[in-house]
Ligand SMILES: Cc1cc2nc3c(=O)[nH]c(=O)nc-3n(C[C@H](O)[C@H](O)[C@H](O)COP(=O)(O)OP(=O)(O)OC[C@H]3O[C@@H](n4cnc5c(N)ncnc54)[C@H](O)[C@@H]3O)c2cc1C
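Have a look below at one chain only, the form predicted alone, in structure tokens format.
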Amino acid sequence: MPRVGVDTDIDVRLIQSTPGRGLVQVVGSSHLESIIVMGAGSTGAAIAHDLALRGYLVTLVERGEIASGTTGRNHALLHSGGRYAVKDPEAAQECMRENQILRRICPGVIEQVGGLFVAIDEEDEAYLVSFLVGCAESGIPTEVIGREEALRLEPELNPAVRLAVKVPDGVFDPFRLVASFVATAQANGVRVLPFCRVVGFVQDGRGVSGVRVVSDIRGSAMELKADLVINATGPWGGKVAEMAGARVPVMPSAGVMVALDRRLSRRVVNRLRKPGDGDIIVPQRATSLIGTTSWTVDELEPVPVPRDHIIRMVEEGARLIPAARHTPIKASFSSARPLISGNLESDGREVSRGFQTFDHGARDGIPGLVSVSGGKTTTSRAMAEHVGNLIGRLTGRDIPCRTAEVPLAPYYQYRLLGGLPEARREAVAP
């Protein structure tokens, strides 16, 4: 299947609108719907993969490198759902389902380390019953272990530990996960345009019919046409939708994480309590990530890294593993989570970690544009499935989702420059 070209002249030559039908004609192929996906984080990459499997002609546009936004700045936790089992059971159930699917379709990017929810004091211990009930109702397997067993499994835990609960948490490599989605999508004909900023939408009397982008690789502007455009830009989703006159109720919630220069535990270590600051330590390769604070932000660039937040992360992390207090800090960073809420006074802790899709034709009278926001990397495949089902309804194509069964390609098969014409490749090669 011919791919959409990077250059404007190639776009015009290979793709031509079919008047009155809302379809495109690809030279040498049958009629196919063309779709542009904005954002190559975990959600956008998974959507491109899903739609390619359903037979759509897809272009994935990203303003930077893949996974360079929120996805690349998370704490890399493959959620069991335990963190949401008490307050957000729907999100907990979704996490557990997707946890098992990702282990099956991309085991090479996941460390199946398991996790512990640890009780340090009486208040933590009192949370145990509600936690176990929530996990049971959400389908999350648990095992309660005593102090001695917890310290045997994780010798650097706080010696004051009273008990712990084992859950099937895991750890993933954010970039490699996204690269696996993208590599599989590329193998199925998806064109990937990194370093292309969307600066506006192409709109006509029928709604959105494409996007206007600026390539930061070659400094040129392009207009890309499509039958549908999907806004999968995470915390930027509201601002991007506004460019088309649409609305997405995104509440960006920022958080600071601290990476320590040593792996302090074999497993993910969580505090057995209601989610709060510094309540998790995630082993990531040779480091340990402590997360996270939470506050709402209006400006997404840059998201600050307040010094007092760093201090708080280390102090709270040290309550779980005392060695955190004396381990050198390798890095500290922040990101903004794309939460869906109308409560702008919240700090984000009480907002559901679920996701929503928005058909702006039905919602705002702007056909041709679909948005998705909320969720998390663990649930990106499920988000893509929901979007794919919506696109199927909009295009009248009843094609089932296959992403829960199709194994992903190895991450190293992602080709950053694979789609660029030979004449351009030398100009942008490192």
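Just so we're clear, the structure is a prediction, and the values are computed from it rather than from any experiment. The first residue of the sequence shown is number 1, and the count goes up from there.
From this point on, the text means the form predicted in complex with the named molecule, which you will not see here.
Chemist: Of Pro235, Gly207, Pro168, Pro275, which residue is found within 4.5 angstroms of the named molecule in the predicted bound form when only non-hydrogen atoms are counted?
Modeler: By the 4.5 Å heavy-atom cutoff, the listed residue in contact is Pro235.
Chemist: Quick one: from His75, Arg176, Arg97, Arg191, grab the residue that has a heavy atom within 4.5 Å of the named molecule in the predicted bound form.
Modeler: Contact with the named molecule in the predicted bound form is made by His75 alone.
Chemist: Please determine whether each residue of Thr287, His309 and Gly317 possesses a non-hydrogen atom within 4.5 angstroms of the named molecule in the predicted bound form.
Modeler: No residue of the spot touches the named molecule in the predicted bound form.
Chemist: Mark Phe131 yes when one of its heavy atoms lies within 4.5 Å of a heavy atom of the named molecule in the predicted bound form, and no otherwise.
Modeler: Taking the distances in the predicted bound form, the answer for Phe131 is no, it never comes within 4.5 Å of the named molecule.
Chemist: Mark Ser335 yes when one of its heavy atoms lies within 4.5 Å of a heavy atom of the named molecule in the predicted bound form, and no otherwise.
Modeler: Within the cut-off, so yes.
Chemist: How about His360: is it within 4.5 Å of the named molecule in the predicted bound form, going by heavy atoms?
Modeler: No, His360 sits far enough from the named molecule in the predicted bound form that none of its heavy atoms falls within 4.5 Å.
Chemist: Would Ala48 count as touching the named molecule in the predicted bound form under a 4.5 Å heavy atom rule?
Modeler: No - in the predicted bound form, heavy atoms of Ala48 and the named molecule never come within 4.5 Å of each other.
Chemist: Based on heavy atom distances of 4.5 Å or less, which listed stretch (48-56, 361-369, 375-383, 392-400) is in contact with the named molecule in the predicted bound form?
Modeler: Every other range fails; the passing one is 375-383.
Chemist: Taking the named molecule in the predicted bound form, which residues of 66-101 have any heavy atom within 4.5 Å of it?
Modeler: Contacts from 66-101: Ser68, Gly69, Thr70, Thr71, Asn74, His75, Ala76, Leu77, His79.
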